[in-house]
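Here we start with a single chain on its own, the form predicted on its own, put down as structure tokens.
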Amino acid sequence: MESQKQYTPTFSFEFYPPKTPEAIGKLQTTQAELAKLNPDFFSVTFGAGGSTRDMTFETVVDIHNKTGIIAAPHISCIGSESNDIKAILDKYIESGITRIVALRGDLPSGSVGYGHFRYANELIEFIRKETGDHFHIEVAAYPEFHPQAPNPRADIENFKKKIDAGANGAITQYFYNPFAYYRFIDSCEKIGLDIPIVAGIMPIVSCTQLQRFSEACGAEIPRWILKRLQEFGDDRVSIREFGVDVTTELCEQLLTNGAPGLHFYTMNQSVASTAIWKNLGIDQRVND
């Protein structure tokens, strides 16, 4: 992982678009709390087939205007036509947004068509063609491999296509086995990929939620972690405290071994992410 060490580590938080007035208020409180930590950027997800496109835009602009911190919208190409993508890119440019996360995305339930683009590299090529270098583009990476990849070699080759198309960096799916990340980085370096691949971090606050998410995205929960979580039952405080300890240790190992940053999947909550952040001493950056 030597080539990863040349990058100044970046730290960021991810949100999903709220769908109710109550959820909007909760997210605004969360973003205000996390803004105090002075992250490099916030990102906002994009629903399957663009189902939350409008709320993603509104959330990104709200974060940008209220916190003064860079906000990076996710843009998914599945289920979208090129004119739709061009229109949303124009809106982001007009709103002063300069960073995006470009993804293939998932087909929404009941969908029968992919839209104009089938793969993320096609979306990235389109973004570069239409907007030049205006956007800093991040893409997804999968240390434990994409659940739909036929084999590890194909997964790495598909990842390379996204970088060759013009991506500036990548954010990984969350994981709890750091060696999966290290081996993924080594595989990328062997084929000449030298971009920052930031580690995705999922704070643990619920056993059932973590199991559900992991089954959907293909992330592995180490058996020892799962057994400990199951032992806590409905004791949410103990689950969160254990989760903070485990995730803090993971983050420390990653940073020590040259990871170029951490990206926290907050689930629109601030407590666990803030605790991990402070355990790592990242909050000292506020006073630098």
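None of these values were measured; they are calculated from a predicted model. So that there is no doubt, residue numbering starts at 1 and follows the sequence shown.
The form predicted in complex with flavin-adenine dinucleotide is left out here; the points below concern that form.
Between flavin-adenine dinucleotide and the residues His146, Lys86, His134, Arg183, the one pair within 4.5 Å by heavy atoms in the predicted bound form involves His146. The partner is absent here, but in the predicted bound form a heavy atom of Leu103, alone among Leu103, Val205, Ile195, Ala165, sits within 4.5 Å of flavin-adenine dinucleotide. Looking at 207-215, 89-97, 136-144, 184-192, the stretch with residues near flavin-adenine dinucleotide in the predicted bound form, meaning non-hydrogen atoms within 4.5 angstroms, turns out to be 136-144. Although the partner is absent here, Asn177 lies well away from flavin-adenine dinucleotide in the predicted bound form, with no heavy atom inside 4.5 Å.
The shortest heavy atom separation between Phe126 and flavin-adenine dinucleotide in the predicted bound form exceeds 4.5 Å. Among heavy atoms of Thr45, some come within 4.5 Å of flavin-adenine dinucleotide in the predicted bound form. For the chain shown alone, Ile201 is not a contact residue for flavin-adenine dinucleotide in the predicted bound form, no non-hydrogen atom being within 4.5 angstroms.
Contact residues in stretch 63-77 (any heavy atom within 4.5 Å of flavin-adenine dinucleotide, taken in the predicted bound form) are His74, Ser76.
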